[in-house]
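For reference, the chain that follows is the form predicted alone, supplied as structure tokens.
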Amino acid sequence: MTFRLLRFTLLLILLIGVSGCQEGEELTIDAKVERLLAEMTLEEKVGQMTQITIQAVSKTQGTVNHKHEIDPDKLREAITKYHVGSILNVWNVAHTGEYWQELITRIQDICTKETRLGIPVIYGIDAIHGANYTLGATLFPQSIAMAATRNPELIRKCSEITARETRACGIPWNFNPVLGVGRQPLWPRFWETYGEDSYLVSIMGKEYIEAQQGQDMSASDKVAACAKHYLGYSFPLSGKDRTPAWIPDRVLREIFLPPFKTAVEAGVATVMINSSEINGVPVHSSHYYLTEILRDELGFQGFVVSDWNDINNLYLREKVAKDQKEAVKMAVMAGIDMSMVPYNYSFYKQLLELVQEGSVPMSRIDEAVSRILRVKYQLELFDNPYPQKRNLKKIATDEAQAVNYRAACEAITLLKNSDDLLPLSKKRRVFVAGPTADKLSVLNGGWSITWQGNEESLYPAEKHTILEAIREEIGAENVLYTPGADFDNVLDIDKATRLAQEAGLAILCLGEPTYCETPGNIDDLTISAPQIELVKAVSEARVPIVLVLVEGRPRLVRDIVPMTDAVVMAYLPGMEGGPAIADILFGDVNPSGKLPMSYPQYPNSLMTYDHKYSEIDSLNDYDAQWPFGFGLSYTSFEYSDLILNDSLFSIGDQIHVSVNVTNSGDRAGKEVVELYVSDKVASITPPVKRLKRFRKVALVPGETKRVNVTLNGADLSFVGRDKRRITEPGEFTVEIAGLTREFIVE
């Protein structure tokens, strides 16, 4: 029997079954999943749980000069013989939107025309700051920079555009957002987080997920989101990627679990797992983390995907399984639904054996496959598996570029501005130097066109580096330039000193080279020595120095800050970072970013803002270079009339808080109003304060706005000694910009 005749027969059977429904009644997604599951063989089911990388079915990788080529025979084998449910990634270099559509079409053609049941592949990609594996797409600031905007509406808009451009390519699944709480600044994935505060991460993650998926994931501009990396990945004790975390269960629930709880409540479709371990237990092997907490406690309904090769790592690296077969059993029984294998069909073969010998029950297979099929139906891949050419015009629109520029502007954070040096006059000459001054790659970081983001030749020539943007701003004749240093070497440092003297003002652009994941591991958080030497040399010219930091994590600059007159934190601001930085330096834009992390001053003092009272005393203090929430403006803001609706509340009451904010300066500006709560006495030692609300308001000179927020009992809660979240009666303090009010909960 031919595939076509067999598929027609099966379709007829399904239609006969559907005829039993009342006229006009549609099958629910769950009913569709149940019917399809009943038709599937064991091999087809295990195939749905298998995810391979595109490299496994390719002839050649993409390079600067050579287009990627798929291998049609390998692709056909993957889909028709091994029934793979998912393919992911690129092989080395981003594709054009047109090629993505061609590639996805070839994949889905085999699924729909050459397989028994026509189950489409769900293609996944790491579109973490825009559709970063699509050439010419909109590349936004990285997440750490987006957190600095303190603007959930802006997060939502950037996420909507990312979803639209990703789905336009035919890709319906985005491996983002990263919901790890960034409390270890050495960690090379720090810039993929929304910072050190659990509440901030939760709010930004929620906005991102809801914008990715919308009300209907099947829409042509929506994708399935993936909350990652569950759980505790962002807090490795060593600071190195994929190394052990040591997190007490109560602390895990207090700080690291809430963003994932919020993601589940927002309806996130998929979850990706932490590559490493918590307290000696690899998360990929943990029924406690993957089923008891994620499923039973949080109520997650989507499917769980492993991270890259991490089921194999249970025996290769973590040594908790004696071989691959035991690792597969361990992970599947713990709660992994789909394995990012990623290069071969070993998972498929091992899992088949495990089911056939009775080591893994069919009920567990059906459970996992049902979850995967449900997401595919939610995306409407069965009815609309193909990309539409007309959607390519949705990539890199004028509106998207405008949002991108605004995001970069609102992220950039002014950390120092002695004697109001900034903004600079457009009539003056400047000297520009430093390794981040004239590269687009460093503005974007990893996951940008290539995995490491370091292939400068692939970045669009029409986009401006910082140097090019400054030349555009004040004229090339007013800009002197020499690198002075790269990240690893001093170059023409004497020339830098001379040109600084000649110009009368130096803009030194320092930071980090591009990196992603394990290649970004470092042993020293201090900014590199050649860059420090550059600042010291230029300081001998006795001219004002503006320091621009382009970096994904807070590199220590304690020794050079006193030599500078202004410091601008740009983070990884994306493709519009150059113009945004220039416009802030020269006053076209008033900076409004706020630090999403504590910027440390010393390598062994990495205290977070929500530290405990025991961490500060007459000899010790919260001695950050700049504290969490810090950020200056070119105007000034005054706060007054902090009011609570009462001073005595019951645990279930709402607490209404309001405050006046006035722009008391002479420029329009945006201010972030941050509300902190302190618990004076608790059964678990309380932090000195916790962020509980924030609002960004725009004010013209002389304007006053009253900002109103509402707190509830959950905002006063914490995870108690029994590891359950509780709100205790007692005395509390609300703080906004140094103004405080006390209240009692009884």
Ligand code: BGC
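Here the structure is a predicted model, which means the values were calculated and not measured. One-based numbering along the sequence shown.
One more form of this protein exists, namely the form predicted in complex with beta-D-glucopyranose; it is left out here, but the text below deals with it.
- beta-D-glucopyranose in the predicted complex is approached by M340, whose closest heavy atom lies within 4.5 angstroms of it.
- Taking the partner from elsewhere, F190 is found to have every heavy atom lying beyond 4.5 Å of beta-D-glucopyranose in the predicted complex.
- For the chain shown alone, V548 is not a contact residue for beta-D-glucopyranose in the predicted complex, no non-hydrogen atom being within 4.5 angstroms.
- Interface residue remark: D307 is counted as part of the site for beta-D-glucopyranose in the predicted complex, having a heavy atom within 4.5 Å.
- Here is the short version: of E207, D126, E318, E473, the single residue with a heavy atom within 4.5 Å of beta-D-glucopyranose in the predicted complex is D126.
- Taking a 4.5 Å heavy atom cutoff to beta-D-glucopyranose in the predicted complex, the contact residue among K594, H229, R167, H83 is H229.
- Note on the interface: of 619 to 627, 83 to 91, 343 to 351, 294 to 302, the segment with non-hydrogen atoms within 4.5 angstroms of beta-D-glucopyranose in the predicted complex is 83 to 91.
- Along 163 to 178, a single residue, F175, places a heavy atom within 4.5 Å of beta-D-glucopyranose in the predicted complex.
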